[in-house]
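Here's a solo chain for you in structure tokens, the form predicted alone.
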């Protein structure tokens, strides 16, 4: 419990200093039994938020690369296919896409003769992965295009094919350059995972909404929710900076 008190020290201070009846910080004061129960209830939703975000980010990174490669092809048809996907996905707001995936895809599957239910967990993952893949594809494309053409030509002269050139020469250099924007996209996914609450996913925002209904203290509870996201994003940012140092992405020219 002590480690949580350090994180939520500002709220503990507010709870102790606010004597006005207008404030109700006691509902999330970890120093009281009822407040600690509420805090634990909110924190318990963090695991779902992290799990959804990580799985969606992994899928988005893979799907984004698949989408990006046609945009770099010599064939105009492949490039058009890339642009259609990117522009279509980027133009759809996340919330309508979430509703379409969660409520619409099962109907389409049933019309095709298969019964594939989509629960809130996978509905959120699929939506976040597809939505983010268009932005990730553009990050890949910019990173790959930033590598000098001489690198590709040199790889071809030693007998590497297209796949080998991408795997051993181009992508390792491009990933070092695109790591910071990819990290920004991961933070974006973490924040956008809050939309999963509208389809019943028990993540951070859903837990906060449920607690507001029972405690009638939206200011205090949503303040703690913001603090939880802040701590989560700061941890991710610190991890990304460490990874950048390990990969040399933060080297100064």
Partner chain sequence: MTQAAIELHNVNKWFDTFHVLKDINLSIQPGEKVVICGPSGSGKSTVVRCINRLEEHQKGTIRVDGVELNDDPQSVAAIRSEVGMVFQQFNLFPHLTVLENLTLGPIKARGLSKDEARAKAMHYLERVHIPEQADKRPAQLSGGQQQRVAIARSLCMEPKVLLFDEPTSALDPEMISEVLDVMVELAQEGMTMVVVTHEMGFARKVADQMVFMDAGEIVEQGSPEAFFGAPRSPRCQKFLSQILQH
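Residue numbers count along the first chain shown, from 1. Since this is a predicted model, take the numbers as computed values, not measurements.
Just so it is clear, the following notes concern the form predicted in complex with the partner chain, a form of the same protein that is not shown.
Stretch 144 to 152 is the contacting one of 131 to 139, 89 to 97, 144 to 152, 114 to 122, since its residues have non-hydrogen atoms within 4.5 Å of the partner chain in the model of the complex. The partner is absent here; in the model of the complex, the one residue of 108, 80, 163, 158 having a heavy atom within 4.5 Å of the partner chain is 158. Although the partner is absent here, residue 172 lies within 4.5 Å of the partner chain in the model of the complex, judged by heavy atoms. The partner chain is not shown here, and in the model of the complex it never comes within 4.5 Å of any heavy atom of residue 103.
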